[in-house]
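Given as structure tokens, the chain that follows is alone and in the form predicted on its own.
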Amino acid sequence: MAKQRVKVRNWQLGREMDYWYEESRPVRQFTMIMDTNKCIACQSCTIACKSTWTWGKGQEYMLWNNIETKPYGYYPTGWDVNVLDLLGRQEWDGDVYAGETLFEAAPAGEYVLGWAPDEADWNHPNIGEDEPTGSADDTPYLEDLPHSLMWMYYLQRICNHCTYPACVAACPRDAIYKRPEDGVVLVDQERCRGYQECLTACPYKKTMFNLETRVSEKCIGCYPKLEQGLQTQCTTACIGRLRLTNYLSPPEASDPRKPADFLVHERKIALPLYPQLGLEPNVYYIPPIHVPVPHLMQMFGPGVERAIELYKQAKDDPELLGLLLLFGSTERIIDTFDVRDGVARGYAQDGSEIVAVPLREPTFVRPFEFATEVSGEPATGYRHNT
């Protein structure tokens, strides 16, 4: 039975759009928030994911998690520039997307406007690594921005576990689905026949084909850990403490006590990746503060300038600062948080406190002993440690 287009609400676009299934949101939506300003591309997250999930035959090339150096890095090669070129001009009217989504721009007989990477596109996961754009020689020195025309930054990528997944829309076998309890997108490998329509449809290229088993695979959101109330492998392995595994409510049900709701809906400091594509992705990014705004607006949509300014002023916003300090502070998923008396606290679903982090590290003054004075008599003094 052929699928029929229906109208669904996409709050990231500020309007309704065409999709191939009725709107059906999970009980709570798995989400991840990344602070791009903290990443050093150490690849600890990539190795944690690889060693846990994709170490088998047929998975050699698979990186469910990867770190790219923007603007010249991508895995597979050209994943974003190709899909943006295919979609054509994208325009915003304020906070409302005025262009077409991948579903609305799909040619007749297709569910999604997509492209399929060549085998060689998967050969270079570190292409463009640490390669900046611009030239220091041609860049004027500014007091607040020494290399205003020379920049790069790191983009952390996993499956976005979209509200309107292109892979779900395109699969002729209905082998891909969203879990109703947490919105994690999974592949039923018993139903999959390896047609690879999901690879063509996904604009983020986060569904992959196992060359040994001949079926599709993808990031599973570390759901066995989620079911135990634990954050994902990539989150807990991150030495920069830039990731937060959490759950997101729809805008109308936002709860400012919940970390993801606070960052996405209340402060609007965390933004989706290429929202104009229409998938309503559920991975969000705090944009880098040193990158030209036009580039960031294309990547994260409107709201970039406001998000950057909020981030710069976080030191004067105890709630925001406290929540940012809770990133990476515990292996457990924080259900709610608060900041009081100079301490940020995270709580479990039952209300019990699971972590407490001071907004400012205390200063201690402690006595110590020098080895020996020249006279041979021991001497004492005080050392200040911060």
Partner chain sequence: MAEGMTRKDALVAAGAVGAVGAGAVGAAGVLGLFGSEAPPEAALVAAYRRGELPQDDPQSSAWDDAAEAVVPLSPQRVSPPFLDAAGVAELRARALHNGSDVAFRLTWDDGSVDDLDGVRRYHDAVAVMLPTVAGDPAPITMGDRGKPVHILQWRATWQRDLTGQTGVDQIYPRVEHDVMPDDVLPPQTASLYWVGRKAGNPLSQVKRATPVEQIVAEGFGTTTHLPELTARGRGVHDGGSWAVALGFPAKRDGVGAALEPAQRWSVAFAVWLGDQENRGGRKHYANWIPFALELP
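Remember, it's a predicted structure, so these values are computed and weren't measured experimentally. Numbering follows the first chain given and starts at 1.
Only in words, not in the display: the form predicted together with the partner chain, which the text now covers.
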Counting non-hydrogen atoms within 4.5 angstroms of the partner chain in the model of the complex, say which of 257, 306, 173, 312 makes the cut.
173
Could you tell me which one of 253, 211, 239, 81 places a heavy atom within 4.5 Å of the partner chain in the model of the complex?
211
Mark residue 197 yes when one of its heavy atoms lies within 4.5 Å of a heavy atom of the partner chain in the model of the complex, and no otherwise.
yes
So, residue 190 and the partner chain: in the model of the complex, are they within 4.5 Å at any heavy atom pair?
yes
Give a yes/no on whether residue 109 approaches the partner chain to within 4.5 Å in the model of the complex, heavy atoms considered.
yes
Closest heavy atom of residue 52 to the partner chain in the model of the complex, within 4.5 Å or not?
yes
Specify the contacting stretch among 52-60, 317-325, 341-349, 22-30, defined as having any heavy atom within 4.5 Å of the partner chain in the model of the complex.
52-60
Site test, 93, 98 and 177 vs the partner chain in the model of the complex, non-hydrogen atom cutoff 4.5 Å:
no
Can you tell me which bits of 110-125 touch the partner chain in the model of the complex, meaning any heavy atom within 4.5 Å?
110, 111, 116, 117, 118, 119, 122
